[in-house]
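As a starting point, one isolated chain is supplied in structure tokens, in the form predicted alone.
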């Protein structure tokens, strides 16, 4: 395959990326556009996603920015209907929206538990449920869930986040089997700590709780990887583009780690 073919591998495809205003989602949206896809984007931040939409259009692709709280099933239904009306059926869905939160399990706030489930797991269920019937109808689709190494291993103080991300991987595997004969693949990408605003928030929380400087807290996260670094958002985007291509049609039901070797299963 020549570089030109790689660059245009997604020409004619229509993608939807959730949580696309910044960080991993923004990188994924721009990478899909660079590969030739038209990209609809959503998040709760209208100004951020409109800026990303402009950047996509500057790359010569169509884009539609639709604000949506993906934890609200009514908003999700309206968002997907609007995109389908204006774009056509969605070929590639990237469930990227998510957030982190931590607390010791003793006296763990119930509100935090429900928040982590809503934003990290229920949103994936709602959006996929709204989009995947169209994929099955046209017998071609890619569902790519941005999960976490927390989908595979546990860590202290993040019981709710870990449970939600394990749920994302379980949902990924179940749907991969259910749609295996309908031309739809379903995969998860499981990053370690990624150099994004979300990780900056984590660093700030560690610093506040421990008294470490933010540089020291960042170094602590870097040491969780054998490569002694944070993953870059563009690395997640590159894998997303690959999984969206026809060349990846045999890959489904997988949780692909991008973590510098921290988790090896």
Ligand code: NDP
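Numbering follows the first chain given and starts at 1. Given the structure is predicted, the values throughout are model-derived calculations rather than measurements.
As for the form predicted together with the named molecule, it is not shown, yet the points below apply to it.
If you check the named molecule in the model of the complex, you find a heavy atom from every one of 45, 48 and 147 within 4.5 Å.
Only one segment in the set 172 to 180, 83 to 91, 106 to 114, 159 to 167 has residues whose heavy atoms sit within 4.5 Å of the named molecule in the model of the complex; it is 159 to 167. For the chain shown alone, residue 33 is not a contact residue for the named molecule in the model of the complex, no non-hydrogen atom being within 4.5 angstroms. Within this chain, residue 24 lines the site of the named molecule in the model of the complex, having a heavy atom no more than 4.5 Å away.
At the 4.5 Å threshold, heavy atoms of residue 37 stay clear of the named molecule in the model of the complex, well away from it. Taking the partner from the other structure, the named molecule in the model of the complex has no heavy atom within 4.5 Å of any heavy atom of residue 226. For the stretch 70 to 91, the set of residues having any non-hydrogen atom within 4.5 angstroms of the named molecule in the model of the complex comprises 70, 71, in sequence order.
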